[in-house]
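The chain below stands alone and is given as structure tokens, in the form predicted alone.
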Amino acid sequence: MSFSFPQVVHPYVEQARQHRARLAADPHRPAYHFTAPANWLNDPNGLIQHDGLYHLFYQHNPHATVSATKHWGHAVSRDLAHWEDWPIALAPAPGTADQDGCFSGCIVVHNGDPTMIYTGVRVDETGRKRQRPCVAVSYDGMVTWERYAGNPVIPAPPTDMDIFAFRDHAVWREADGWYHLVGSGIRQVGGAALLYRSDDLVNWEYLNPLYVGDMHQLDPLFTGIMWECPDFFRLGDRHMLVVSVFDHVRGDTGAAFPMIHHSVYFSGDYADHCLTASYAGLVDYGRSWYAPQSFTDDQGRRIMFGWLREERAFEAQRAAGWSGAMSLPRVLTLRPNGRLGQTPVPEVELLRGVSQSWEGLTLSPGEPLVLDGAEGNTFELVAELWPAEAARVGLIARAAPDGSEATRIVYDQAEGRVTLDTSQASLDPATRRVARHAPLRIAQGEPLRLRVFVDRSIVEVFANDDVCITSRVYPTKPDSLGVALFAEGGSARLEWLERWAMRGIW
């Protein structure tokens, strides 16, 4: 149906404005990465462009900064840069298959109507948390949603495998009907993406696992005991399966960070309802990135958002009154050998403000070269550096004048890797401070190209259009704002650097 987008008038929308105004001065709350109005946010859900409007749904607890009582939050945009809150799309309903939570899912258009496929959670009489696929439909431009009376549409997982976990959904159309992946795990085997087919989105036939991981393989890519948030799509002449790896067995020992979470993609050929993968890699090498989802817009671009998890103690999140943010939207491309390429959508440039530039600077080993006038906590920076004789070259951001706090982006020529080092980003011992590495081999005669987005507690790094690393940082000092360049083990050269102050998205 055709729908003209009204200014939605709803008590929640006004409440959201009040929450955003109240929290705007928080020094760690992002200004140009999407956050919920308040309280808890996790996975992006239901990403879609419909009748020209971009919709971002997300896992949301509107009542507290903890992962409980999941709702579907909702925001819309006309340009992927500026956003407005809409009413909560879906909340747990007593007596239904989702009375204890409306977990992650996707949205497709079926017979002209936006249709949501999500995980309904209900705790049964034995105390077991049952997670099953459910459906809801919108007839008013995705403002309100009506549950399908026959939910859940798949009453139980397949019985021919020892399955544990059965949640999160990717749905797409092929010539002979709708296809549907559910995230799962096969006990003592590994993560699995289970494939179903339907004519109508409510009657589903189980086919087979599209792809199964190996929980015993630790190198070069660990894929864990189960998979969440499957995403499946064609990119160039390949198909991509993206999954989020969940593993509590090999997780960290710290109480605030007990599990392994990272997002993996498999690239290969799709035939006979199976994926034959020829390449696998991490979507983002930072620990903060998780649970991505993508969609195709009207321009034919495949666009992805990811959840940026907090890396500070739960007590700090509760005190702040909010938790979680979204990455910038990224355009996905196919790189050589089936690798996944990612760049920020061009619309992000609509947020650019005042710019400054530097060029033709020699970086000598020793003290970093401070860029006067570049300091700040909400900016975008693009740089082209020639490592030359330097063993390592890079950028420092969110630096205190006395050096007590700083985040470093380092390219190591011998190691062939780029590192986002937050080990000294904060003096707060309750924050997670680590160095995250990504492989990056720069060809002879090619510079190091960095595109860095600093947004208070977010540092999102794109290197040579080839790898991404995203982390969260929580400087304690109000003057931890400095920006500098450095070289180690020899001289390097800055060809050029441009920096923009970034405006907020509201």
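Numbers for residues come from their place in the sequence shown, where the first is 1. Source: prediction; values computed, not measured.
There is another form of the same protein, the form predicted together with a small molecule; it is not shown, and what comes next is about it.
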Margin query: Counting any non-hydrogen atom inside 4.5 Å, which residue from Ala291, Val418, Met240, Leu385 sits next to the small molecule in the predicted complex?
Written below: Ala291
Checklist line | Listed residue (Cys229, Ile107, Leu194, Leu90) with a non-hydrogen atom within 4.5 angstroms of the small molecule in the predicted complex | finding: Cys229
Notebook entry, point to check: Can we say Glu310, Ser426 and Tyr474 each have a non-hydrogen atom within 4.5 Å of the small molecule in the predicted complex?
Noted result: no
Check: Contact between Phe103 and the small molecule in the predicted complex at 4.5 Å, heavy atoms?
Finding: yes
Notebook entry, point to check: Taking heavy atoms only, is Asp43 within 4.5 angstroms of the small molecule in the predicted complex?
Noted result: yes
Checklist line | Residue contact check: Asp168 to the small molecule in the predicted complex, 4.5 Å heavy atom | finding: yes
Checklist line | 4.5 angstroms heavy atom contact with the small molecule in the predicted complex for Thr470 | finding: no
Checklist line | Stretch in contact, per heavy atom within 4.5 angstroms of the small molecule in the predicted complex, of 35-43, 439-447, 455-463, 475-483 | finding: 35-43
